[in-house]
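Below you will find one chain, with nothing else, as structure tokens; this is the form predicted on its own, and questions on how it binds or moves follow later.
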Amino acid sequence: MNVRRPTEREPGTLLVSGGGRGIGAATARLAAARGWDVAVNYARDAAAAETVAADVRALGRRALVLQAEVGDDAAVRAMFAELDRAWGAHSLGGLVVNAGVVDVAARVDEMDAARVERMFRINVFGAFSCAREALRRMGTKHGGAGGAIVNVGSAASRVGSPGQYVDYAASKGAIDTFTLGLAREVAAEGVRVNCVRPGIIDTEIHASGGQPERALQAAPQLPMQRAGHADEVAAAIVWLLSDAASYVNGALLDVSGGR
């Protein structure tokens, strides 16, 4: 039995959570270069998000800056409603779930409940909230035209990050499972779901965990003897969003230099 391959579509509207810095910013810029209009979400740094939006517009694409703390479900719902008002209901064609946090290095027996709750509220609950709202706009079950979701996980889900942040690694392990289950759940509704798992990438996230030089310091222990760059992760994300990856669903793609 021959089944016709889906018709290739032009890139549409993409929302990148945590799009003002690091991997999210690199993804927004590359997606714009590939023809996507980009909504840039940020939690606190409006200036950084506006800079990314300006870069998107300079590439000839539309940009929208959306403030929301993804760990706040009401804020996520309001953000998607603002996107609807600006660019129309069911305009969304892609979502990159990139927003996330780390914390200072600590053993599990040194962590309090507030730290772990924050980690999962932002990294896991936020992913569920953003994906839910995207599916209500993209899925054919809800009248959408289909689309793609790319979750940004971490190679930490494989190595566990002992002595540093097992809570972060566990939250990213949840993202792996979330990706696998959701990909199968909505595959027949025109939505593909995949996950990119970066390794040690030279971005600002290490400074937020109190280790600004972590990428440089870790380089000699890595198989390729260097940390990765945000652009290298963005390339994998934008490929997964595209029709070039039209039969890729439920994949966990490591971008970790062999780590």
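This one's a predicted model, so the numbers in the text were calculated from it and none came from an experiment. Just count from 1 along the sequence shown to find any residue number.
The same protein also has a form predicted together with a small molecule, omitted here; what follows describes it.
Think of it this way: in the predicted complex, the small molecule has a heavy atom of just one of V191, V70, A53, C195 within 4.5 Å, and the residue is V70.
Residue A99 is the only one of I149, L92, L182, A99 with a heavy atom lying within 4.5 Å of the small molecule in the predicted complex. Exactly one of the stretches 153-161, 82-90, 139-147, 107-115 approaches the small molecule in the predicted complex with heavy atoms within 4.5 Å, and it is 153-161. Proximity of A32 to the small molecule in the predicted complex falls outside the 4.5 Å heavy atom cutoff. Contact annotation: D45 falls within 4.5 Å of the small molecule in the predicted complex, judged by heavy atom distances. With a 4.5 Å cutoff on heavy atoms, I122 counts as touching the small molecule in the predicted complex. At a distance threshold of 4.5 angstroms between non-hydrogen atoms, A234 is out of contact with the small molecule in the predicted complex.
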